[in-house]
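Next up is one chain by itself, shown in structure tokens, the form predicted on its own.
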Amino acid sequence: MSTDKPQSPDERLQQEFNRWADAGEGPKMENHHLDITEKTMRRMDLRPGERVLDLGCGSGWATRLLARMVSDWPQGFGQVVGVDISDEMIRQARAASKDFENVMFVIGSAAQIPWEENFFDKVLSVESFYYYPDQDRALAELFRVMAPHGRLFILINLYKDNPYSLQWVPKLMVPVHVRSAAEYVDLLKAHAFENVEYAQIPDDTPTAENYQTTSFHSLDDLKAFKRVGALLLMASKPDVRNPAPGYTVY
């Protein structure tokens, strides 16, 4: 009889994204997602001195972009924290970010973000939210670590309203959530977020005619996928503060 303990959803996710990191997928994510991420950052109204969370940061490419945008403030640097479930992705992110004084990378799960309450002015999550096993728990955690009036930006390429994105679901090695924009809006509102809205962000990166796609049925489908664009969810935390966790003294 096998005594091996079955993997938890987070352990399975960590294993898969460690495999991605070993395969060099981290830098590829920058190439694939830079256009839509830069468009999202322009909507974030990032300001010097702000404290920003990059949840699901991977190899840290977006974290470094954020760090440049919130630094250089007379009263001190803004701070950007990158969190990812993959310890190998975090290792690569730290190695590539040694020149940044206002960046920190932490291994952690979206279900238990390793940070204090009411801290972050802005949160960005690029292409990771649909992987989180418990999206309800992840949103509760985001609400907890965000400052009152903090702004949340979740950017995802996989959602029902872009039917071309569904072509690559069978190729994934871990379970994912597939929801519509309207379903995500309802989910955010159910977790007490305010000013919930969404936009579709097309990817204007040119596609070479000789590009060999393995994720889509055809090159035309890939182009259509980029035209429809990614889903950007935006929301605010109301003017409330989460209490610090209670401690029992023995």
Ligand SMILES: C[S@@+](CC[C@H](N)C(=O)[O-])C[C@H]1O[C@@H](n2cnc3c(N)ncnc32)[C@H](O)[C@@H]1O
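Predicted model, so just to flag it, every value in this text is computed and none were measured. Numbers for residues come from their place in the sequence shown, where the first is 1.
From this point on, the text means the form predicted together with the named molecule, which you will not see here.
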| property | result |
| --- | --- |
| Site check D10, A110 and S128: each within 4.5 Å of the named molecule in the model of the complex by heavy atom | yes |
| Interface stretch in the model of the complex with the named molecule - options 176-184, 163-171, 119-127, 142-150, non-hydrogen atom within 4.5 Å | 119-127 |
| Sole residue of H33, R64, R51, K39 within 4.5 Å of the named molecule in the model of the complex, by heavy atom | H33 |
| Contact test in the model of the complex: I85 vs the named molecule, heavy atoms, 4.5 Å | yes |
| Close approach of Y132 to the named molecule in the model of the complex, 4.5 Å, heavy atom | yes |
| Proximity of M44 to the named molecule in the model of the complex, heavy atoms at 4.5 Å | no |
| Contact of M29 with the named molecule in the model of the complex (heavy atom, 4.5 Å) | yes |
